[in-house]
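First, one chain by itself: the form predicted on its own, in structure tokens.
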């Protein structure tokens, strides 16, 4: 476990793979930490330098008081990659992580040579919806949202398995301030115009039963970028890397090879 001081926060990060491997960076969703990617990492090809981190307010990273801005989350990520000497990575972002990917590519194209926009959008939800969620967490903690979040995250089949409890526990053990802060960042973000100006290899991944970022939203977002690809994963909700790790790893591996990474 390592911490990087990136200014007003310290980010917990982990690197798997050789130091000289081509970098693949993962940014996880609201309410999860870097363990989100545990199911797929053993299924990905060796030789790459896999970099994961907990965004501010999540996992073992520090948690400033909410609210946060998307600009702050992007700057955190930019400073982490600069700290690690990363250039020309493939950036895999899920949900809010996909928003960070879009913003980082617009700001620092030297850092990102290709990106995977998983279960995300150029804009997610409405400010009123996020205000309601923030108010619920302020009143009753993340626990107040947990059951509804599980319904959006996972298919009905997965929710019937014992593994559901693992992910519910991960959610409710995040910091309330971190959840509220990142919710505010999503609420204030509309990347339709800046993302439409991007020109880099892009893969969109959606879960057929995603209740947070439906497939049409993911497709609409990646369609803003000419030449992008789109892949739908069946029998999965908002976290297809958890529900269908073999399918997720297969499509990600194919994309890494198609873009000539490493």
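Residue numbers count along the first chain shown, from 1. As the structure is a computational prediction, the values presented were derived from the model and not from experiment.
Below, we refer to the form predicted in complex with a small molecule, which is not included among the displayed structures.
Residue heavy atoms within 4.5 Å of the small molecule in the predicted bound form occur in exactly one stretch of 135-143, 75-83, 179-187, 109-117, and that stretch is 179-187.
Taking non-hydrogen atoms only, residue 95 approaches the small molecule to within 4.5 angstroms in the predicted bound form.
In the predicted bound form, the small molecule sits beyond 4.5 Å of every heavy atom of residue 218. At a distance threshold of 4.5 angstroms between non-hydrogen atoms, residue 195 is out of contact with the small molecule in the predicted bound form.
Among residues of the shown chain, residue 154 is not one whose heavy atoms approach the small molecule to within 4.5 Å in the predicted bound form. Taking a 4.5 Å heavy atom cutoff to the small molecule in the predicted bound form, the contact residue among 212, 61, 66, 209 is 212. None of 122, 104, 149, 89 but one reaches within 4.5 angstroms of the small molecule in the predicted bound form through a heavy atom, and that residue is 149.
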